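A single chain, nothing else alongside it, follows as structure tokens in the form predicted alone.
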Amino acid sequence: MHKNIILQYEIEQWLYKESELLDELNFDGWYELLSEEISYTMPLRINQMEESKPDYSEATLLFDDDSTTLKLRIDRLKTDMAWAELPPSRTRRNVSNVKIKEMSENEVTVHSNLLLYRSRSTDTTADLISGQRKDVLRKENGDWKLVSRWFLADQTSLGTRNLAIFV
């Protein structure tokens, strides 16, 4: 039991650190938290009438990134070509309901909720994106690395201009 409490604390601290790096626009620091094998996906939420079927599209992904495409997205944000993020969004990520679902010697499957607040430029309104994350973290050279992230937004229609942010 004591070991599980320590692991829960470690994983929660990792998620909070990740959120802080993203909220501070430290994308290079965030990238260092990722495994080279990263799979970063966001399926499209759909309204499903049949309870036996998932309420998301397994064929349509709003993003489907790996290490190379995430690095390209980060590098692009550093240029004047990332118009969607000029000026950069001000974000605040609130992570809650962190639950370790599976664990092995050096890998954990973690579910959590994310509420992301996003303010842009001089807009008087802000975006709110909420959803569920399913992450796999692996211990690599003594540090936890994100191996996969699956994010499912609660909304079927996102009330945001673009997805030039990380969830």
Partner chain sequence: MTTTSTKQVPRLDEMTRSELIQYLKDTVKPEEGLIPSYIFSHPKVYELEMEKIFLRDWLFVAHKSEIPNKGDFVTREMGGQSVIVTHGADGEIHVLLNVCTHRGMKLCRMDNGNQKNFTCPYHGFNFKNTGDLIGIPFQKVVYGDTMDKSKMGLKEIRHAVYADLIFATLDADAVSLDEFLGDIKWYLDLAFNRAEMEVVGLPQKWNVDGTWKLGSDNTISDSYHTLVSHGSIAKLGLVPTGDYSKYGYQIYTGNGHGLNLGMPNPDGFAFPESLIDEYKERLSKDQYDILKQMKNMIVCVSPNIMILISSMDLKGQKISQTSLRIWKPTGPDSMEISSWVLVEKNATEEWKRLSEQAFTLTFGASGIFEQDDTENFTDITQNSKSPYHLQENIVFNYTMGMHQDQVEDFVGPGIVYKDKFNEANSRAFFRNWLDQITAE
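Quick caveat: nothing in here was measured; it's all calculated off a predicted structure. Positions refer to the first chain, counted from 1.
The same protein also exists as the form predicted together with the partner chain; that form is not shown, yet it is the one meant from here on.
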Check: All three of 31, 94 and 126 touching the partner chain in the model of the complex at 4.5 Å, heavy atom to heavy atom?
Finding: no
Item checked: Residue stretch of 22-30, 56-64, 107-115, 133-141 approaching the partner chain in the model of the complex, non-hydrogen atom distance within 4.5 Å -> 56-64
Next item on the list: Indicate whether residue 163 is a 4.5 Å heavy atom neighbour of the partner chain in the model of the complex.
Entry: yes
Item checked: Contact of residue 48 with the partner chain in the model of the complex (heavy atom, 4.5 Å) -> yes
Margin query: Within 4.5 Å, heavy atoms only: does residue 90 come near the partner chain in the model of the complex?
Written below: no
Note to self: in the model of the complex, does residue 69 come within 4.5 Å of the partner chain, counting heavy atoms only?
What the structure shows: yes
Next item on the list: Determine the residues of 62-85 with a heavy atom within 4.5 Å of the partner chain in the model of the complex and present them in sequence order; the list may be empty.
Entry: 62, 63, 64, 65, 66, 69, 72, 73, 75, 76, 79, 80, 81, 82, 83, 84
